[in-house]
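In structure tokens, one chain follows: the form predicted on its own.
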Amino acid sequence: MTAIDLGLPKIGGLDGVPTTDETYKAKDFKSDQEVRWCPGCGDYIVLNTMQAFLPSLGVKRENIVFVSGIGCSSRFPYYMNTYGFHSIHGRAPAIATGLAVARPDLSVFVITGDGDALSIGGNHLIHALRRNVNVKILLFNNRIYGLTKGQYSPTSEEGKITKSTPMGSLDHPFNPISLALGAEATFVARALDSDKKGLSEVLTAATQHRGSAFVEIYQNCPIFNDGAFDVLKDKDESARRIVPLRPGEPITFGSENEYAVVRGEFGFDIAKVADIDASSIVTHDPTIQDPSYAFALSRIGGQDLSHTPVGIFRQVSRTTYDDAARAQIESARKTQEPDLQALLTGNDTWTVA
């Protein structure tokens, strides 16, 4: 299905969201609330990155809203000098959907965590993504329940010893990227909290995307799961583990680009560049409509972070749920006269004895 053109103005990559003549700075997006996360929490970096890149959008602060659920990350709206809604556990995508449908002039963000989004909020997440609601969902993944003091989460690795799994977790964890692609989200990406440049690029692209945008952010919890992603931040280890996804470029990595992603029998494999023909190296294209390509990329590596793709996995265009809903309402208005009395006294009634 192609996108429906409702004639909304195209502004800074955002359809229908009013711009401002005022020049914003990062400090303009900082609220007067004391930021209350644990020292060293990765949430600080994400918050600062968000406040730094929002001025580049040229969007009025009153046309930006952050909706959160429950968890450490869900304090985010308090610290943004925009509109915000601290909702209930797992239900942020549902509330954000209502905002997106009713208010096309808003840029709507959902801030959530691996517990909030993938446990109690799992159904809300996948349905918002499959409907392609025009919201930007940022999932802070620290592989632990931080707010409730260290229980294992839906992304904790197997064997994880926590307060709720003293002998090790028996659960097989979700791969959030694979989950989002399985729901056919039109924009899917991953970033590290410590990579401010990469995170800014992903957030900018996600914000300018028309439709559901899902961004997984690996984020450190220094109290209950400290060092969960240290291997991706170590200078020597990161080079051979992080697989950067750059549109239009061959997927190579390593300190000297000595490794590459190649097509295997049932997906993608990792090979040494010296051992293969250069033509067999996969060239990254996130605009491929079939999600199986991006899904195959999401299966590279594993729980041990042996190989971890970062960047944009998928970026395609499809009609958004909110655009289609407004178009349907407008069509009904043109073709049908509203008659509340006829609805109330119509044939679809019954008598209770």
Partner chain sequence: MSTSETTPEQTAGDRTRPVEKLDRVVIRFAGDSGDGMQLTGDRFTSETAAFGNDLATLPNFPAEIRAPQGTIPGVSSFQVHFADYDILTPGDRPDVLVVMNPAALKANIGDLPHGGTIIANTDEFTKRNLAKVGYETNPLDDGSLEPYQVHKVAMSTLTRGAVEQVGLGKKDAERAKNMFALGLLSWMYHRPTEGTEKFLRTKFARKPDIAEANILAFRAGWNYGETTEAFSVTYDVAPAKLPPGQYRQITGNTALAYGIVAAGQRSGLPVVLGSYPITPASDILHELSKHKAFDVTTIQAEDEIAGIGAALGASYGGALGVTSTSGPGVALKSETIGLAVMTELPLIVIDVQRGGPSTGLPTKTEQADLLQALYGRNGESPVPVVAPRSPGDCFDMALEAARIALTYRTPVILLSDGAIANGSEPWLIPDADKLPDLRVQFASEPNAMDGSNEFWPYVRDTETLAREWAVPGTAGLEHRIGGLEKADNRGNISYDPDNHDRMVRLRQAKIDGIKVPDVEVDDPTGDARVLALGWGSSFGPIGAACRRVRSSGMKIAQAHLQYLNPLPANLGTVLESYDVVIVPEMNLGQLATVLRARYLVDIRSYTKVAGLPFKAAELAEVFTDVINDSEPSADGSDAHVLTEAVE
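Numbering follows the first chain given and starts at 1. Just so it is clear, the structure is predicted and the values come from calculations on it, not from any experiment. C-alpha atoms forming the largest set that superposes within 1.5 Å between two forms make up the rigid core.
Only in words, not in the display: the form predicted in complex with the partner chain, which the text now covers.
Q. How about Arg210: is it within 4.5 Å of the partner chain in the model of the complex, going by heavy atoms?
A. Looking in the model of the complex, residue contacts with the partner chain do not include Arg210, since no heavy atom lies within 4.5 Å.
**Q.** Close approach of Gly198 to the partner chain in the model of the complex, 4.5 Å, heavy atom
**A.** Looking in the model of the complex, residue contacts with the partner chain do not include Gly198, since no heavy atom lies within 4.5 Å.
Q. Though only this chain appears here, would Ala52 touch the partner chain in the model of the complex if you measure heavy atom gaps against 4.5 Å?
A. No, Ala52 stays farther than 4.5 Å from the partner chain in the model of the complex.
Q) How about His307: is it within 4.5 Å of the partner chain in the model of the complex, going by heavy atoms? A) Outside the cut-off, so no.
Q | Gln336, Gln341 and Val352 each touching the partner chain in the model of the complex (heavy atom, 4.5 Å) | A | Every listed residue reaches the partner chain in the model of the complex, so yes.
Q. In terms of non-hydrogen atoms within 4.5 angstroms, which of the given stretches 312 to 320, 285 to 293, 26 to 34, 299 to 307 touches the partner chain in the model of the complex?
A. Stretch 26 to 34 is the one.
Q: Using heavy atoms only and a 4.5 Å cut-off, determine which of Ile161, Ala102, Ala274, Leu170 is in contact with the partner chain in the model of the complex.
A: Contact check passes for Ala102.
Q: Counting non-hydrogen atoms within 4.5 angstroms of the partner chain in the model of the complex, say which of Ile242, Ile95, Leu192, Val262 makes the cut.
A: Contact with the partner chain in the model of the complex is made by Ile95 alone.
Q | Within 4.5 Å of the partner chain in the model of the complex: residues from 308 to 335 (heavy atom criterion) | A | Tyr321, Ala325, Gln328, Ile329, Ala332, Arg333, in sequence order.
Q.
Once you overlay the rigid core, does the Cα of Asp339 travel 2 Å or further between the shown form and the other one?
A. True for Asp339: a C-alpha shift of 2 Å or more.
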